[in-house]
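A lone chain, given as structure tokens: the form predicted on its own.
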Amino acid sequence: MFDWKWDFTWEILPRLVQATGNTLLAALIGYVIAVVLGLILALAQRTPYSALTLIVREMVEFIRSTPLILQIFFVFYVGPQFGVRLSPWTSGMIAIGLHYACYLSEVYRGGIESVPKGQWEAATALNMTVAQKYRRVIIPQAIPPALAGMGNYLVGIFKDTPMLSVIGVAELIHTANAIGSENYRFLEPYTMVGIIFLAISLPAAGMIRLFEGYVRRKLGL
């Protein structure tokens, strides 16, 4: 029988709100790491050094082909065996950032390859260095086509932050589990977590689409 207790819901709401802040912070930090590192990985696959390109490409494929939760465990539990001891928060941010950086590197690669060949030739004709070519010509044209994929992965990171609960990060699922175990009631905390995720993910996806359209209009695309 459906037995929803509103007094219990209002009692646990402050804890869930605090955990929501932790979840959003984890998603934001992980995304920033992924955006920056993803671009580095994408550019590292376009160097004239074939050995470096091969190593980076294989690393990206390996990380994309293995589960995020395994990578979280590896950073947190295996790292200390090699003298690398990190807090649950730091381990989680590194794992999420690296995991999604590999996906974003492919998004960047697609955007870079969409830049017309004439633009590359024009930059070369102007005697630009490689750094100038990418900074002034290629990357500004590669980002707009990549915005949709970048936005999707932002929402994806937010929805994957519950995996950090396995190493004790106090995000939404971890807090809901704790509340349920303390009170022997899981209906309210889990339902509230689902509503919170929907309340954030759906508007975020809509705003990302609006931003993408705005950028494309500004650039005349």
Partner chain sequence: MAFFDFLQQYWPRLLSGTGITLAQFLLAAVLGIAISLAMGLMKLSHNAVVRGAAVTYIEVFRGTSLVVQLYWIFFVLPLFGLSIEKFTAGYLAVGMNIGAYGAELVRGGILSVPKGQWEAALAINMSPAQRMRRIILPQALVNMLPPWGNLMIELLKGTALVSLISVADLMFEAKQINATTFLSAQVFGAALVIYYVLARFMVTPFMRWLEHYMARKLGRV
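Everything quoted here is computed from the prediction, not taken from an experiment. Numbering follows the first chain given and starts at 1.
Although not depicted, the form predicted together with its partner chain is the subject of the following passage.
Participant: Of the residues I179, V193, V56, L39, which one places a heavy atom within 4.5 Å of its partner chain in the predicted complex?
Facilitator: Comparing distances to its partner chain in the predicted complex, the residue within 4.5 Å is V193.
Participant: Contact between S50 and its partner chain in the predicted complex at 4.5 Å, heavy atoms?
Facilitator: No, S50 sits far enough from its partner chain in the predicted complex that none of its heavy atoms falls within 4.5 Å.
Participant: Would you please decide whether L25 lies within 4.5 angstroms of its partner chain in the predicted complex, comparing each non-hydrogen atom pair?
Facilitator: Looking in the predicted complex, residue contacts with its partner chain do not include L25, since no heavy atom lies within 4.5 Å.
Participant: I'd like to know if M163 sits close to its partner chain in the predicted complex, meaning any non-hydrogen atom pair within 4.5 angstroms.
Facilitator: Yes, M163 is a contact residue.
Participant: May I ask you to check whether F73 falls inside a 4.5 Å heavy atom distance of its partner chain in the predicted complex?
Facilitator: Yes - in the predicted complex, heavy atoms of F73 and its partner chain come within 4.5 Å of each other.
Participant: Of 194-213, which residues get within 4.5 Å of its partner chain in the predicted complex if you count heavy atoms?
Facilitator: G194, F197, L198, S201, L202, in sequence order.
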